[in-house]
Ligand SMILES: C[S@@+](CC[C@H](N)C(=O)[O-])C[C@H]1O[C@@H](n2cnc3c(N)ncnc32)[C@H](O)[C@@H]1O
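The chain below stands alone, shown as structure tokens; this is the form predicted alone.
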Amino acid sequence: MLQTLEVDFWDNGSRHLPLIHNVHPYFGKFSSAIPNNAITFFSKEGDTVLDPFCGCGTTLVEARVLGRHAFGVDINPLSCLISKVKSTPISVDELANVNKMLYNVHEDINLFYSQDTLSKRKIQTYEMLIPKFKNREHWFESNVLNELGIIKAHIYALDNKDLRDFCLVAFSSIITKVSNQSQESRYSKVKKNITPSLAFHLFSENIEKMRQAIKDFDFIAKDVNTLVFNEDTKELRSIQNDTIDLIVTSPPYFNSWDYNLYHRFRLLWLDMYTDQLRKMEIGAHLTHAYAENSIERYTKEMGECLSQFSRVLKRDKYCIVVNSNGILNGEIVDTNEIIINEAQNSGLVLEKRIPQKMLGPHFGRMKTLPEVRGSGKQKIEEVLIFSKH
């Protein structure tokens, strides 16, 4: 079957793309075409799909659309929150309850800026929910801090956890826009013209976009189970042996993105930030760029992950890994070969590898990067197809 495989993993064709894919910024995510085509070709309805580096939940969304049960795992709690919200149905009636919350937020923000005063108790509540961190006023204007504190307090007051998580994702999605961080993948300060009530207006707009996206998604999604676990992929504690019909994933690219750094303000505002999380992130630039043993560490950590993939995957089933080679000190590091070797050491058999020249992480375009130091080598994104016998 695999010798004659003719699937363009990067091709979405003309199919309807769920709006839910774009409800929260998340750099480096792979095209929804990759899991959609992989799930369609390598599994059947009712099977269970695992994405052990689920990121913002692209695989989980596609699994629900295609009628597969799904598990998502990620060490980053923000990733898990986004994935959970994107793949969890919420009734239209429950979504309507957010209107009262928005009204109350608007009232309190108006009081904050008007001659009227908020009660002392409310002020204390809002101030308590503003995170304390070094150089806070360098990264956030004082009026933005207060608006975000008010929004956060009203979200935390919601009784329904699914609705609360839904609103937290809408809240998280505006943090970079109203901060002085220059852009999603650049941790530097710029001066922005952040007018009074901008945070509320952006939050309210995102709530409406997300409500429409949830309704759109629920119309096309199948009635299947989806669970997301915030845990270390090197252990996969919540996944039992021989229970997974298909793995579709893309591990963090070596020496590429610092997700913990670029999402730092979101993690702080959602009370999720820890130094331990930063240290546990696989492939991060700040971890690998300056360490003498960075390739050895990456190899060891990916080996532990692939051993878990082999443990949970059923026999005669497939594991699809999307990866790109990396760059360290200006030289190409062939992490595709590292993954292949570690997978085979874990009992997974390489069935096929499908290369694609790439523009950047996870974009899968038919374009190339400049040659690395005249070596003639280019970054290549590959779909690596393994099986377990």
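Only a predicted model underlies this, so the values are computations on that prediction, with no experimental measurement involved. Residue positions are given as counts along the sequence shown, with the first one as 1.
Beyond what is shown, the protein has a form predicted in complex with this ligand; the following relates to that form.
The stretch from 54-62, 40-48, 327-335, 341-349 that comes within 4.5 Å of this ligand in the predicted bound form, counting heavy atoms only, is 54-62. Proximity of Lys234 to this ligand in the predicted bound form falls within the 4.5 Å heavy atom cutoff. In the predicted bound form, this ligand sits beyond 4.5 Å of every heavy atom of Val178. When contacts are judged by a 4.5 Å heavy atom cut-off, Leu268 does not count as touching this ligand in the predicted bound form. Among heavy atoms of Tyr298, none comes within 4.5 Å of this ligand in the predicted bound form.
In terms of contact with this ligand in the predicted bound form, the residue from Phe140, Tyr259, Phe254, Phe71 that brings a heavy atom within 4.5 Å is Tyr259. Of the residues given (Met280, Ile220, Ile123, Met272), Met280 alone sits with a heavy atom within 4.5 Å of this ligand in the predicted bound form.
Site residues Asn104, Ile109 and Ser204 are none of them in contact with this ligand in the predicted bound form, judged by any heavy atom within 4.5 Å. The partner is not shown here, and in the predicted bound form the stretch 119-138 never reaches within 4.5 angstroms of this ligand through any heavy atom.
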